[in-house]
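One chain comes next, on its own, written as structure tokens: the form predicted alone.
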């Protein structure tokens, strides 16, 4: 069952105000009053689910090479910005539960690791949120990953993630039993919004960093947005 959706999700943990996909970012979002965060989960060479966006280490850490080829002993010694380290998925989940945050867990498989990543993340999500009053929301650009999550943890709600929403989006939503539709804010169109509204499917848009853009999207019927500029938006009640 989908929990009530806050209008605002802190993108990649704490947006641009903290190192992305870190525990510091999640803590900052919570301090600023956010009730939902989004983060990316990928597997290390040891098969450990960790928070990181890119398949390579250079942009967000002081490391080099591919995440999927780097063992935990190296990954967890890296600096992910301002002394923060790469968190384990389990650590991020525990922090979200501590603060009462809705977590949008984006399965972010490295090329060739779709099945393995989806299986590990989905099964660990079930364990990490066992007994919780509020389940996470699992999403992915990989329809294969969403399908695996559907089969392994049907009780955890799922969202389909696109850049541009394809013409067959509703068929995919029905096939994968998804409850939300996520897309690039620049590409969302009114026909999709109308179709989704008629079927009670919330649309979530990324990445919205300007108040006027957010106001326009909400006026058009978008339910929630992901933002890097968590300092610019006053937290509002659930959509």
Ligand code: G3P
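Fair warning: this is a prediction, and the values are worked out from it, not measured in the lab. Positions refer to the first chain, counted from 1.
Beyond what is shown, the protein has a form predicted in complex with SN-glycerol-3-phosphate (G3P); the following relates to that form.
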query	finding
Contact test, all of 7, 185 and 218, partner SN-glycerol-3-phosphate (G3P) in the predicted complex, heavy atom 4.5 Å	no
Close approach of residue 40 to SN-glycerol-3-phosphate (G3P) in the predicted complex, 4.5 Å, heavy atom	yes
Contact label in the predicted complex: residue 206 to SN-glycerol-3-phosphate (G3P), heavy atom within 4.5 Å	yes
Non-hydrogen atom contact residue 129 with SN-glycerol-3-phosphate (G3P) in the predicted complex at 4.5 angstroms	no
Contact label in the predicted complex: residue 158 to SN-glycerol-3-phosphate (G3P), heavy atom within 4.5 Å	no
113, 169, 141, 99 - the one with a heavy atom within 4.5 Å of SN-glycerol-3-phosphate (G3P) in the predicted complex	141
Proximity to SN-glycerol-3-phosphate (G3P) in the predicted complex (heavy atom, within 4.5 Å), stretch among 147 to 155, 105 to 113, 68 to 76, 121 to 129	105 to 113
Contacts with SN-glycerol-3-phosphate (G3P) in the predicted complex, stretch 4 to 27 (heavy atom within 4.5 Å)	11, 12
